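Taking the form predicted on its own, here's one chain by itself in structure tokens.
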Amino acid sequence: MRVSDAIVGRQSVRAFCPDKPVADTVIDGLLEIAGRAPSGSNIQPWQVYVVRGEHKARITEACSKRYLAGDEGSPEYFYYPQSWREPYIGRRRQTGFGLYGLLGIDRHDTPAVQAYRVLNYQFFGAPVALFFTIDRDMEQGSWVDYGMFLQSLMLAAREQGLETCAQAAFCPYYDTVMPLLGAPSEQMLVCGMSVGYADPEAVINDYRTPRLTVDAFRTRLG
């Protein structure tokens, strides 16, 4: 697969084939490739937990229970802006309306919205869950490096016929997830990720987010 095809074809898959396993050797191979991502002074600030089976089930049960109980949690860092404004809030709403519209869910139908959103904590049926952590004393540059690592991993997965969904949804429940991972207190949760084979019959996987034209974000000087 060409790099450009992997990038353009990548999407956040929200329905996986739970009965199609992904071997540890495959996951390790993807991580080895992703580990070639650049990082300032080559400090490589990433730590990865590969979670399956009962360990994954315990995280699903605990996080789903908190979500369905109305517990919004409290993340250690804010992924989104604390004060939304245009054009960003409009783009966010467009994505949400598109997803719910495709699924036939009225966004005011709280039970239906909850039934869909809780799938986050079930890893959308993926057989493998990844959790990414970073040492607390790392600064913003290392978080930029981490983004390149995650992108490299997601693109490498596509070469193997796999798809992914990076998930910040677990961050508000870090105080549940991190102990279940056995992660040390000096690490903090960056995000989770579902990995597996996309369900070709799932309507939700037909959804594609719109993207800006180059003219909308490019400035030429000289």
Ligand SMILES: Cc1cc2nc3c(=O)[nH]c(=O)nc-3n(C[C@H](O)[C@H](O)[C@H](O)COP(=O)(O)O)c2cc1C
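For every residue, the number given is its place in the sequence shown, counted from 1. None of the values given here were measured: they were computed from a predicted structure.
There is another form of the same protein, the form predicted in complex with the ligand; it is not shown, and what comes next is about it.
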query	finding
4.5 Å heavy atom contact, residue 124 to the ligand in the predicted bound form	yes
4.5 Å heavy atom contact, residue 165 to the ligand in the predicted bound form	yes
4.5 angstroms heavy atom contact with the ligand in the predicted bound form for residue 133	no
Interface membership of residue 78, the ligand in the predicted bound form, 4.5 Å heavy atom rule	no
Candidate stretches 101-109, 114-122, 137-145, 81-89 - the one whose heavy atoms come within 4.5 Å of the ligand in the predicted bound form	114-122
Selected contact from 48, 169, 37, 26, since only one has a non-hydrogen atom within 4.5 angstroms of the ligand in the predicted bound form	169
Residues within stretch 85-109 having a non-hydrogen atom within 4.5 Å of the ligand in the predicted bound form	95
